[in-house]
Ligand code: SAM
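Here's a solo chain for you in structure tokens, the form predicted on its own.
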Amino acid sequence: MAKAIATPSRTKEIVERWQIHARKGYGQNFLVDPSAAARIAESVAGDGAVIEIGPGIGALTEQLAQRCAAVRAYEIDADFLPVLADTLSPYPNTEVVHQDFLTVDLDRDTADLRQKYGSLKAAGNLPYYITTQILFRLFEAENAFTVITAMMQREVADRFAAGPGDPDYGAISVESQYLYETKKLLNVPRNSFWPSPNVDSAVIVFTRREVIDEVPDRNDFFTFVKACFKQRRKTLYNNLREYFNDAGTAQEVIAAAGFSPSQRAQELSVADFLKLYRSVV
């Protein structure tokens, strides 16, 4: 049986054979930790389909193919297409699409997978420089992804997983946790990649909430949350005074929701932000 792609020796063999290299411009680093790849794949395993963002040479894709009914992987780098055709040849349930994921019409492009397999999940070792952009495209898809498992820079992972009162708690914590239950699956040290990045990574599992406390306009709610966190050291009152451009309105909104003007956004839960927002709308 061939070694897993996500091992140092197999990765080196593939890289040398195909004369490829990790491109900094695409945020590429090859995962050489088979245990981490397996744990990510296990978190989305099942009879459904999964999409992967940035398969690279197929380290995670291979593990997904062994555990999921179908895998569609989006790869931006044309140099990796022949490599993936070779490394994934034992897995007829995989498909590689040559496209920048940020340009994909998710609802249209995944309609066939949803129709055939029911639910759809997502996974990926995400480029550090566009992690948040990718995740919010997944979060905001009209047809929700039931589970999203993403490897990202550890400090960004800490922000997604943080709760009220945590120094890392911020707008992206609230926005993601409004839609998804969020938990850290594992930390991944920098030496689990080749070449090694300058920072450590972590894996977060986002599980779609069965019941979401809907608001009339999610984007407007998220804009409001961002305004509350605009200057983290400032109080709710000071941030909302700037948001409304009116001190009286800021005071009225805060009082109507039952909060103190001296509180800071970091102290409020997702439910608190919903209460505060509803005192506006």
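Throughout, we count residues from 1 along the sequence that is shown. None of these values were measured; they are calculated from a predicted model.
Just so it is clear, the following notes concern the form predicted in complex with the named molecule, a form of the same protein that is not shown.
Trainee: Check each of Tyr180, Phe80, Tyr169, Phe145 and return the one that places a heavy atom within 4.5 angstroms of the named molecule in the predicted bound form.
Mentor: For this set of options, the contacting one is Phe80.
Trainee: By the heavy atom within 4.5 Å rule, which residue out of Ala162, Leu106, Leu185, Ile76 makes contact with the named molecule in the predicted bound form?
Mentor: Looking at the other structure, the residue within range turns out to be Ile76.
Trainee: Do Ile130 and the named molecule share at least one heavy atom pair within 4.5 Å in the predicted bound form?
Mentor: Yes.
Trainee: Is Ala59 close enough to the named molecule in the predicted bound form to count, meaning some heavy atom within 4.5 Å?
Mentor: Yes.
Trainee: Can you check whether Leu31 is within 4.5 Å of the named molecule in the predicted bound form, heavy atom basis?
Mentor: Taking the distances in the predicted bound form, the answer for Leu31 is yes, it comes within 4.5 Å of the named molecule.
Trainee: Quick check on Gln115: any heavy atom within 4.5 Å of the named molecule in the predicted bound form?
Mentor: Looking in the predicted bound form, residue contacts with the named molecule do not include Gln115, since no heavy atom lies within 4.5 Å.
Trainee: Based on heavy atom distances of at most 4.5 Å to the named molecule in the predicted bound form, which listed stretch, 208-216, 228-236, 51-59, 246-254, is the contact stretch?
Mentor: One stretch meets the cut-off, namely 51-59.
Trainee: Suppose contact means any heavy atom within 4.5 Å; which members of 11-27 contact the named molecule in the predicted bound form?
Mentor: Contacts from 11-27: Tyr26, Gly27.
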